[in-house]
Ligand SMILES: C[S@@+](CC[C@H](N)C(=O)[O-])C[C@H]1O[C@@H](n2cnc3c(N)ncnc32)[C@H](O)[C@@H]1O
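Let's start with one chain on its own, the form predicted on its own, as structure tokens.
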């Protein structure tokens, strides 16, 4: 494409309200097979389709993950969860990590790529998400089913870290979502259920103790306004919130959650204390 042609495409994206028009055009150009496909993709982007759905990929850290039309696109803010998982398993030999509610499997893919000695599994109820996650994480590592119930039975009591980005948006907050999410991503991957959006989080916290090893950890991405309720739910299941800090995060005033720099996204990190022998 000539610079003049690029300028015309960039102008169209800007007029359509694309805040990061330069970055979006660069990503479209990166994957387009030719000028005609690039122009066609810009046409569709102007009509509101997400860039990631157009090109079939999303950059997540150092990984290019496969995504598909009508699948949830991993957010860059979830890199905080991926980095936190790396810290949690850094001292463990051959750790076992599971990502329930995985979508296309960004956390599991990150762990599989950066901790090759680990055992990694992921689960999701959406068959299309499972298909794409299998491409990103590895064949045989992704199971179709809710929560942890579809995992191999031999993992029970052996998991070191359960890391998840469950659907957690309350239905009442639907109007606050970007139109790309409302129009092009499945509602089941966005809305968490219940008045506070935490139904899936609570169900995961209830399941987790049976699957975690002694000292195992659950790390869950949430909105910062949901942390108090999530913390209460974790403690009710025998999970103790702990503090994990890295170079891109801060700890809230309670000292037991990790909060991303955007001021809205946070992690609940909760540990299973050693079981009392029966």
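Computed from a predicted structure; not experimentally measured. Numbering follows the first chain given and starts at 1.
Although it is not shown, the form predicted in complex with the named molecule is what the next lines describe.
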**Item:** Segment assignment from 170-178, 132-140, 183-191, 110-118: heavy atom within 4.5 Å of the named molecule in the predicted bound form
**Value:** 183-191
**Message:** residue 103 versus the named molecule, in the predicted bound form: is there a non-hydrogen atom within 4.5 Å?
**Reply:** yes
**Message:** So in the predicted bound form, is the named molecule close enough to residue 86 to count as touching (4.5 Å, heavy atoms)?
**Reply:** no
**Prompt:** Going by a heavy atom distance of 4.5 Å, is residue 146 a contact of the named molecule in the predicted bound form?
**Reply:** yes
**Message:** Can you tell me if residue 197 lies within 4.5 angstroms of the named molecule in the predicted bound form, counting non-hydrogen atoms only?
**Reply:** no
